[in-house]
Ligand SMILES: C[S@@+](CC[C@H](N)C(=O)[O-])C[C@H]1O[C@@H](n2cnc3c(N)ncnc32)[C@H](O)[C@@H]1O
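Next up: a single chain in structure tokens, the form predicted alone.
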């Protein structure tokens, strides 16, 4: 893929700079319409339109190319994008595992790279469970789970109104409205008022999920499971996250057993997005 782009741009970008092209970029959407999201190194800013047009030439389904302009930040985990080429309308329907997700990457967070992690989560679920997914975004995790199982209930909570609205639409688009409940709001306000406990709680927010452990743990049934995401730092990726879980659990007279440790993806040379799965029991 990268080599094809370099071939198209070899007569445009100088030889001493073409090696700076990023090795990967995200494509969100379908065979009919997709959006590409790329990073442009500063020395290549003068060639960004050429790079965008090369991507559209290689991927005929890409109708818009967006450049990342900031890191993900704020309550909605959003970053700024700039349109480099193509259509201003960047709403697409993304296909994944027999599911369809409508979204606009300029308004909501969604990562196609996390498809494999969603695959792993779905495989951990069993029929009959009641599941809570915090920070649900456009509801890919609740929908993926509900699409596979016919006899369970998934409750998803999302703060970003744009993501919530897409989530509601996606629930109906995938015909799982009988198994997925969508709630708009902050988990701090919503979850304590749910008036029930869950077999499984998923906390897919590596930056700051630990701040909500005091909300999640009381909502867990005895012998329930939490999937907790965190930024892990070498040399011991999991120690900090496990300590945070243990401290929070003791407040509610729970003992926790780590049942799985997973490196999800690398964020920087010594930092990883990790998942820690724990089974919690009453003391």
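All figures in this text were calculated on a predicted structure; none of them were measured in a lab. Positions refer to the first chain, counted from 1.
One more form of this protein, predicted together with the ligand, exists but is not displayed; see below.
K.L.:
Which one, 187, 92, 131, 146, lies within 4.5 Å of the ligand in the predicted complex by heavy atoms?
P.N.:
Flagged contact: 187.
K.L.:
Just one of 153, 200, 106, 77 has a heavy atom within 4.5 Å of the ligand in the predicted complex. Which one?
P.N.:
Looking at 153, 200, 106, 77 one by one, just 77 meets the 4.5 Å heavy-atom criterion.
K.L.:
Please state whether every one of the three residues 141, 158 and 204 places a non-hydrogen atom within 4.5 angstroms of the ligand in the predicted complex.
P.N.:
Every residue of the spot touches the ligand in the predicted complex.
K.L.:
In the predicted complex, which of the stretches 123 to 131, 80 to 88, 170 to 178, 204 to 212 has residues with heavy atoms within 4.5 Å of the ligand?
P.N.:
Contact-bearing stretch, as computed: 204 to 212.
K.L.:
Would you give me the residues of 128 to 151 that have any heavy atom within 4.5 Å of the ligand in the predicted complex, in order from first to last?
P.N.:
Contacts from 128 to 151: 135, 136, 137, 140, 141.
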